[in-house]
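What follows is a single chain, given as structure tokens, in the form predicted on its own.
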Amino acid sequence: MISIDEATCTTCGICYEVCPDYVFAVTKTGGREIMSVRYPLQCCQCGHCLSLCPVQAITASFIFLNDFEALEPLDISPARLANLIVSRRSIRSFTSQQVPRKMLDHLLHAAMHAGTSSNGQSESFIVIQNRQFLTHLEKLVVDALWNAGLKHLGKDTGLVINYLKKKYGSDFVEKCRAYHGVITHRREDGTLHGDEKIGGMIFRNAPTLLVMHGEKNNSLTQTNSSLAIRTMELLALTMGLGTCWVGFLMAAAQKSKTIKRFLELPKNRSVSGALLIGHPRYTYHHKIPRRDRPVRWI
């Protein structure tokens, strides 16, 4: 519940202006206007009103003013921030050095402060550093993707190819065919040495894999996770770490109940994001050109 101390409130209206869900309203009591909590059930518990109330007239049962921490003044110029953004790369070659727990805690703290729809904060994290666990999970991902359809993409024509092109488009199918080649050729190369050479194909031998999961039926879970992961990617770069999004794991988990069971996810949860984290073996020194995209101004 949230409430306003009428004796303290100055009716400045700040709480009304910053509230995302229009919880507050100005009402008349005893011949004077006061700010009131008119629609308490609409509150998303974001805490904006408590943070900005100049006279501390607002109290809430879900958060206390003493829980707030003062922010340091921002000293990052737009140019430096822009340089950080364009410096981000998907790292796929890592050293064997493990990422310290303190650094991972720092990344997780930042991720938990990323925005979520309606302040839901419902996404959770799994941090995996066990090499045997990662190796087994990687094989599950490869098998799930292969059996879900990649095994059919070795041909130029056929019922499956035609169906996939009709449903997803020719461009998408052609891109997927490259992954058919990757898995096929690595298995062929491994067979020459008596072993399937799929190790590192998905997780790139990174020392740490972070998996995010959220409510299965929440259409914004993946968006929330994407915001959190991008926050970690940028912060990791300032810490000398490299990262890489693992879309393969997300796709495979949607197709495989075995992967969900292996990760011990409840039935009402789904994998919504995955990020490789480690110390990069190489450092990029150039901004890579990007294609111009159409921009419509209105």
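Residue numbers here begin at 1 and follow the sequence given. Model, not experiment: these values are computed from the prediction.
There is another form of this protein, the form predicted in complex with a small molecule, and it is not shown here; the text below is about that form.
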{"property": "Which of 49 to 57, 256 to 264, 34 to 42, 240 to 248 sits within 4.5 Å of the small molecule in the predicted bound form, heavy atom basis", "result": "240 to 248"}
{"property": "In the predicted bound form, the residue from 165, 177, 89, 186 that sits within 4.5 Å of the small molecule by heavy atoms", "result": "89"}
{"property": "The small molecule contact at residue 286 in the predicted bound form, heavy atom, 4.5 Å", "result": "no"}
